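One chain comes next, on its own, written out as structure tokens in the form predicted alone.
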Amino acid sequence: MFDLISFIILVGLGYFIGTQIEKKHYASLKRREALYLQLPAVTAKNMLEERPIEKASLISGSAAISTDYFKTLLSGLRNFLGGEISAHETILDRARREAIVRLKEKAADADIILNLRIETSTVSLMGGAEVLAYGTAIYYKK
């Protein structure tokens, strides 16, 4: 009986605390993305303007986001029954957006970020995700 109560408490805590953390992270992402909206990050290799380039440098940003206990349980059931694991879509979305924001923070004074690439990997069997975003920051002469 104690094991069942502990399990229910852990699932409940995972759901409520995980939901609050996720909401705060999305609010932080929205605010920080708005700061760097004017800095384009494109996947094209050749979108250079006809201006002299002062500097070009490789930049990267990475983020590792873990799952909460509730989403781990939900994905375990989904793996058993089959189907889409929608609980992990938010983890990948948050990790991707965080990696791009961190990349833009490193090159805040750049004019454009070319050849943006995104790599993903799993962090653990529990369902965490790591995303690496990298590209070339172009700085035109003023």
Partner chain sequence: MILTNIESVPGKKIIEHYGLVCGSTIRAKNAFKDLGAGFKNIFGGELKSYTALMEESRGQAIERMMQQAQALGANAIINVRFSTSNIAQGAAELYVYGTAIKTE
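All figures in this text were calculated on a predicted structure; none of them were measured in a lab. Numbering follows the first chain given and starts at 1.
This next part talks about the form predicted in complex with its partner chain, which is not shown.
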So in the predicted bound form, does residue 63 come within 4.5 Å of its partner chain, heavy atom to heavy atom? yes
Indicate whether its partner chain has at least one heavy atom within 4.5 Å of a heavy atom of residue 28 in the predicted bound form. no
Although the partner isn't part of this model, could you tell me whether residue 56 comes within 4.5 Å of its partner chain in the predicted bound form, counting any heavy atom of the residue? yes
Residue contact check: residue 114 to its partner chain in the predicted bound form, 4.5 Å heavy atom: yes
In sequence order, which positions of 1 to 20 have a non-hydrogen atom within 4.5 Å of its partner chain in the predicted bound form? 10, 13, 14, 17, 18
